[in-house]
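Only one chain is shown below, in structure tokens, and it's the form predicted on its own.
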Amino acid sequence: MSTPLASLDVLEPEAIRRSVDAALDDFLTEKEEAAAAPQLPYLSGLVRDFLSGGKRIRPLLCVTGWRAAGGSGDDAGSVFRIAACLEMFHAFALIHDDVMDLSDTRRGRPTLHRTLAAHHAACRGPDEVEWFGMSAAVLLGDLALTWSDELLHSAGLAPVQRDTVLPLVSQMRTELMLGQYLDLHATGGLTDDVDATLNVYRYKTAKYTIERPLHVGAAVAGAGPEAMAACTAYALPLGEAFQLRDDLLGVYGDPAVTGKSRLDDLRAGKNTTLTALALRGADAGQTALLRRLLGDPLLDEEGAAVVRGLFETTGARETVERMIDDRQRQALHALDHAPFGADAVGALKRIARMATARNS
């Protein structure tokens, strides 16, 4: 088994990512070597390939939360295994998300349901290929969820650690499913209710992406209520800012950098804060145009350019940028009063900048 990060005197993101990747690689190699069925190494290879290229923000936050709460080298192996568990769970969520969104690409490559459909196209009729790809991707996502559990329960936690970590992971999973459901329910039903969109972001992103990974890592280190509250004060505004940036990238980002089409959210009629602000600031003619174009599955780049123009003229894009800046400042201000060491505070500041100023 690969050696975890030897020194955590400096929370260096690339070193943490390498250690988490090593934990994932070791786990998948064990699965492939012990496979009783010849199909399992193929499926494991698909999961391995899907895991490559991710930002690893949840594992990074998990390890940083552990360090912020006073974690030491004695628990390093456990915390990296748990961080790998969070990344495996994220793979499950993304695989299912791509199926629900009917997405064609993820990180610049075909989504798993497209890959599986193409791989089996030669032995299935044209009417069955898409069905097979979707169904197999759902199963592969379920497999990633199962393996996430295995990583968690084999992390070598002491009983007191296990009793605090497991409920937090369960809460994280429940909150994500609620957020995904709220997002699914709102898609296609455009509204100017900004607060409703932010409520989705709280569950779908702020808690799942930032707060709970910090909490889980801090819990391994035995964090008390003050440290947990400081994690939340930092995490929730940053999580909203992260999702707001994601919304802008989904519409304005360079597909060569983001790895995703910038038409998908517009074609789906995603009920984002950006669209809510545009509807709130639009006149009658602009509103009619937005409602006609957003949610059109055949929307092309010409129509998308019209929508982007409306986001500009209504002030929606500028307002979202201000909201991102405001929330980043709130997150950074929370660190001024957090009971964390200087190294953890520095790492969390770097993460806040990375999460809000990114281009992918």
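Quick caveat, the model's predicted, so the values are computed rather than measured. Residue positions are given as counts along the sequence shown, with the first one as 1.
Not pictured, yet referred to below: the form predicted in complex with a further copy of the same chain.
For the three marked residues, Tyr252, Leu298 and Val307, no heavy atom of any sits within 4.5 Å of a further copy of the same chain in the predicted bound form. Using a 4.5 angstroms limit between non-hydrogen atoms, Leu40 touches a further copy of the same chain in the predicted bound form. In the predicted bound form, Ser72 stays away from a further copy of the same chain, with no heavy atom inside 4.5 Å. Although the partner is absent from this view, Leu182 contacts a further copy of the same chain in the predicted bound form, with a non-hydrogen atom inside 4.5 angstroms. The closest heavy atom approach of Thr191 to a further copy of the same chain in the predicted bound form falls outside 4.5 Å. Site annotation in the predicted bound form: the residue of Arg109, His120, Arg280, Arg262 reaching within 4.5 Å of a further copy of the same chain with a heavy atom is His120. This chain appears without its partner; in the predicted bound form, the one residue of Ala230, Ala223, Leu152, Leu290 with a heavy atom within 4.5 Å of a further copy of the same chain is Leu152.
Contact with a further copy of the same chain, judged by heavy atoms within 4.5 Å in the predicted bound form, is confined among 73-81, 174-182, 214-222, 242-250 to 174-182. Residues Trp131, Phe132, Ser135, Ala136, Val138, Leu139, Asp142, Leu143, Leu145, Thr146, Trp147, Asp149, Glu150, Leu152, His153 of 131-157 are found to place at least one heavy atom within 4.5 Å of a further copy of the same chain in the predicted bound form.
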